[in-house]
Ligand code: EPU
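Heads up, the chain below is alone and in the form predicted on its own; it's given as structure tokens.
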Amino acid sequence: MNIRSDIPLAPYTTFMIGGPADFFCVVSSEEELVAMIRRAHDGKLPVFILGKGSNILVADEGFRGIVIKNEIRGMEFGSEDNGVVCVTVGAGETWDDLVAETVRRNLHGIENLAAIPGTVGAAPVQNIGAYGVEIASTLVSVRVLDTTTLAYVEFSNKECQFAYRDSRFKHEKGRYVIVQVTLRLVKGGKTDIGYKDLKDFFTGKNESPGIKEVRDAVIGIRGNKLPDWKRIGTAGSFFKNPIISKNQFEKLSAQYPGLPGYPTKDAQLIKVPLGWILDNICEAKGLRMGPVGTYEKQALVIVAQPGSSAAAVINFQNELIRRVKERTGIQVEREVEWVG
């Protein structure tokens, strides 16, 4: 393994922002990962595990420790059993490469999660979700390295403690490194187009689309309303959609007619789209403060011009948080992870 020092992290993130890591290395096997974690322990160095850098904002000062880029790969499809196929995938694989391969094999389950940038290993941490589907709905188990014992263990779906954009890996931050994910998919299963954007897309066209059609639709919809992260500095949706009480939602709906709300498993809680609030209540779509602003097509997305700083992004974030709190009483929570 080649351990390098003083490596700028900006090129390893989709925001294209961030100072240097004291040390940086790439691991491609479980053995290499254990060796690097052991070396970090010996040197009393903080560790950050890096995937594609698509959901992080790195401090301008960088990271005082070792950044380990996880490139443990592999994609193994099991035998079909009553229409069910399990696929085990290395954490370093690109998420959308996995989605594309499952669609090619006509395996239903994650086609709604197409075009999400990032690695397979990052997906359970965030419990990624889009267009009415979360990875939690298909995940069987994850294999992780427990960095406190340097032993590999396996967690079931239930043990991952999934919630909206949440999992145990966020609450035990830094303890576990995901190296492998196993998903349960269904051969030719029924697609889910209940989410509004997909429903609108297929209305009057094909109300029983196949898996490939759904993936293609998702890619098109995302492309029309989200920036191209390969050209524009961004980490996609910067904040979580807030979940508020039914009573608070009813009061806000009376104050701001047209405010959308979506039921949750708890009948007393409603999820509201923060993008709508930022656009229609906070006048924040296309808002700019220097080199940082919201994307002109989606206020939930923060974009940064080349040469922007993490400090500028945080200042802009704070302005959006202030506007939402002032006008709705809602305290929003950042989805993007801070690294520094």
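This is a predicted model, so every value here is computed, not measured. Residues carry their position along the shown sequence, with the first being 1.
Heads up, the form predicted in complex with this ligand isn't pictured, but that's what we're talking about next.
With the partner removed from view, the residue among Phe162, Trp229, Phe155, Tyr131 that has a non-hydrogen atom within 4.5 Å of this ligand in the model of the complex turns out to be Tyr131. Checking Gly220, Pro260, Gly188, Gly74 against this ligand in the model of the complex, a heavy atom within 4.5 Å turns up for just one residue: Pro260. In short, of 39 to 47, 62 to 70, 23 to 31, 299 to 307 it is 299 to 307 that has heavy atoms within 4.5 Å of this ligand in the model of the complex. With a 4.5 Å cutoff on heavy atoms, Phe239 counts as touching this ligand in the model of the complex.
Remark: Gly275 counts among the residues lining this ligand in the model of the complex, judged by a heavy atom distance of 4.5 Å or less. With a 4.5 Å cutoff on heavy atoms, Lys52 does not count as touching this ligand in the model of the complex; it lies far away. Heavy atoms of Glu337 never reach within 4.5 Å of this ligand in the model of the complex, leaving it off the interface. The putative spot formed by Ile135, Asp166 and Arg175 is not touched by this ligand in the model of the complex; no residue has a non-hydrogen atom within 4.5 angstroms of it. Of all the residues from 181 to 198, those having a non-hydrogen atom no more than 4.5 Å from this ligand in the model of the complex are Tyr195, Asp197.
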